[in-house]
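The chain below stands alone and is given as structure tokens, in the form predicted on its own.
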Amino acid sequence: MVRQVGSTTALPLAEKWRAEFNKARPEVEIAVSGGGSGTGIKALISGTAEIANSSREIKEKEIEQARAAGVEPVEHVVAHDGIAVIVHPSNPLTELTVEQVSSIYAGLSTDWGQVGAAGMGEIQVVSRDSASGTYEAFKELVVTLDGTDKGREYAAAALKQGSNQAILALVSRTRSAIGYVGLGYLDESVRALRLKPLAGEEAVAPTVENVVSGEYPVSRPLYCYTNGEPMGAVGEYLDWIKGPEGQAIVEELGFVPVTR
């Protein structure tokens, strides 16, 4: 059995990859589950997963823990993702600067009037939980202003959610909310804001094209980690994921193929 565990951002990809791969290789049993990037890496270290899905790079301390357990993590980039900042459709804003979003998430701006949406009232900040790679990527890229203010933390009042779907659902029904989700989760129930980069002059929309070009400021790779170079069914499966059929699914689900 190939057990693939981890990032909820990558979960729809993993589920679709499994389904399509099994059409050609039904004899290869693949079990897919989420739980967050940290959960996936822990499962790889403990030997309860052959593949860890992660929306962040493995940490040095996790590498040390893995090696202490006799596990040698090997990194595979399988897609790219943009993180979209979303608001309720009734919010009049269409764009914010990265600095403004950082100020909101750090609890420094608490009313929509402070960022140009007078009359919208107090901002309800919605975030992923700390087990999520999206939480950590957003903290690095936005909250700490790309690492230039490492002392900034998420506001204590932020409502932490366990998945992209939970954030999308909460923001879609909460007029005062702001949240963030992986690009592949966007739908018409929310509005995705254009973001002005730290050193940029123009706000950029969270689209596949803008992630590919590097113009969109909140984007990151998606990874699979294995114990050593993958062999057998695990190696065949990962080769398929990184090949034309697997990458076609990446594009189909709104992520960015590594082949772009």
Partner chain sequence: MKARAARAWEWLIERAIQAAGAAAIIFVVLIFVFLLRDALPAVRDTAIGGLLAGKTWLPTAEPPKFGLLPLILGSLYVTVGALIISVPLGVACAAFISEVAPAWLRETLKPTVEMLATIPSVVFGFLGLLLVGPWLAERLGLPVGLFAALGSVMLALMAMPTIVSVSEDAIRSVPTALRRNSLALGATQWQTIWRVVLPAARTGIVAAVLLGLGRAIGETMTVLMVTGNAAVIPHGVEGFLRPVRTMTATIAAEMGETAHGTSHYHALFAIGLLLFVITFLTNTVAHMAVRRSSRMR
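Numbering follows the first chain given and starts at 1. Bear in mind the structure is a predicted one, so any value in this text is a computation, not a measurement.
Keep in mind the form predicted together with its partner chain is missing from the figure; the text below concerns it.
Screening 176, 114, 97, 172 for any heavy atom within 4.5 Å of its partner chain in the predicted complex leaves a single hit, 176. Contact with its partner chain in the predicted complex, judged by any heavy atom within 4.5 Å, is made by just one of 149, 122, 187, 72: 122. Looking at 75-83, 89-97, 129-137, 106-114, the stretch with residues near its partner chain in the predicted complex, meaning non-hydrogen atoms within 4.5 angstroms, turns out to be 129-137. For residue 118, no non-hydrogen atom is located within 4.5 Å of its partner chain in the predicted complex, even though that partner is not displayed. At the 4.5 Å threshold, heavy atoms of residue 163 stay clear of its partner chain in the predicted complex, well away from it. Contact between residue 145 and its partner chain in the predicted complex is not found at the 4.5 Å heavy atom cutoff. Taking the partner from the other structure, its partner chain in the predicted complex has a heavy atom within 4.5 Å of a heavy atom of residue 38. Counting a residue when any of its non-hydrogen atoms is within 4.5 Å of its partner chain in the predicted complex, the hits in 154-173 run 154, 156, 157, 158, 159, 160, 161, 170, 173.
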